[in-house]
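Just one chain is shown here, as structure tokens, and it is the form predicted on its own.
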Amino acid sequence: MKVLVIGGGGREHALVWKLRQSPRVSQVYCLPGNGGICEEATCLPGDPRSLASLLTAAHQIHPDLTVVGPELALSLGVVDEFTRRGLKIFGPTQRAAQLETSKSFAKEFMQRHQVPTAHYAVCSTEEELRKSLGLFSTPVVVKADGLAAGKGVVIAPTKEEAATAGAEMFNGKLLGTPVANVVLEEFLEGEEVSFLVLSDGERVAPLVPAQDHKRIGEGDKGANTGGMGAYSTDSLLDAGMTDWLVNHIARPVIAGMKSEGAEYRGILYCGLMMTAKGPMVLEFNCRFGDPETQAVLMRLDSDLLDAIEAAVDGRVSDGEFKWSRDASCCVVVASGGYPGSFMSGKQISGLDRADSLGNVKVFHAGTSKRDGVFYTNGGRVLGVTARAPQLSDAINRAYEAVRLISFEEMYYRKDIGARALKAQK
């Protein structure tokens, strides 16, 4: 069976790695891939942001299944186009993907279907935003209504800073392109949890939970990023809470989308805040998370291809996944300066030594390879991931591997999972 994975980051490397383990997979392709992915799959030239490029590649290789990694391809309607041409593809349609591509749609959808979330206001002008700020206490969360690669959220300590952030979203200064709407939200306190489910449009099967670390600095300080690390352990959610999330969030969302004529098939990522009043949805993503995928798939003991095909074919059951009871930890190694400006083209050393450690996998995110040598080629460069019976051991093993790797201006947080260890004690 031939499988095509769309994308070229750490999440896609994890998907390629896990799909290759299926005995039914004969060939894995990836468009465009990266230096590390090209060691495990046939990398195809092309632009994952171009429907024409993706369709050209599909007609050349005739994949039996395509798995979409990045959200931008979903927003362009890649699932609609592939399906129209009789190509089997895993992911939600353009309309269903609005849960991620439009924060205002997601908030209004949750209100319609009684899904717990923070109070909010959708603003289409700076004047409207300033008036709406009167409804909120500080700090206030300011969100750009659209795709922003994890960087479209500002937690403003004062209303003046919230107004400035909103203005910079409207005029394009903050994200490079202007947005039509800005969403204000009440600030929620608690522990964040990434809760993902597989859906076939009607039924859902939960994956193990993970916790992402979004901020660039230790102690969750500094700018938001695409994610600086994640860990996964059963202690994040007990069985009772998992059932509650399935019945009060995941199933109502899938049923609500179907009732509105936008059947949802694929992975639904629920970014949650576990508040004193109960779980609240912060955001939805319509694909596997990054770097949560690296941590989650490290714990998967069953065939990922079987589960994905069940979702595409409309036959998901509660038993789609078999999970290890081990914990896992992914530490993201980044280029100095990320998420701001950074330099690429730095030679990376120590990858073989890190990868040779037991129960460690180095997933490549922003790398290229020339003449047998790996170089940095992005802000987030690697996702060094380890698995062990105890979370503390998984964290230690991941950092042991990180310390074997080096490149100029290399940066990583040294506290991934630290709060969880403190809570355990």
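Throughout, we count residues from 1 along the sequence that is shown. For clarity, every value in this text was computed on a predicted model and none was experimentally measured.
A second form of this protein, the form predicted together with adenosine monophosphate (AMP), is not displayed here; the remarks below concern that form.
Residue Glu192 is the only one of Glu128, Glu192, Asp220, Asp303 with a heavy atom lying within 4.5 Å of adenosine monophosphate (AMP) in the predicted bound form. This chain appears without its partner; in the predicted bound form, the one residue of Glu202, Glu161, Glu81, Glu283 with a heavy atom within 4.5 Å of adenosine monophosphate (AMP) is Glu283. Contact annotation for Phe187: at least one heavy atom lies within 4.5 Å of adenosine monophosphate (AMP) in the predicted bound form. Using a 4.5 angstroms threshold between heavy atoms, Leu76 stays clear of adenosine monophosphate (AMP) in the predicted bound form. Adenosine monophosphate (AMP) is not shown here, but in the predicted bound form it comes within 4.5 Å of a heavy atom of Ala118. Within 4.5 Å of some heavy atom of adenosine monophosphate (AMP) in the predicted bound form lies at least one heavy atom of Lys214. Stretch-level contact analysis of 258-266, 320-328, 81-89, 178-186 against adenosine monophosphate (AMP) in the predicted bound form, using heavy atoms and a 4.5 Å limit, identifies 178-186. Counting a residue when any of its non-hydrogen atoms is within 4.5 Å of adenosine monophosphate (AMP) in the predicted bound form, there are no hits in 1-21.
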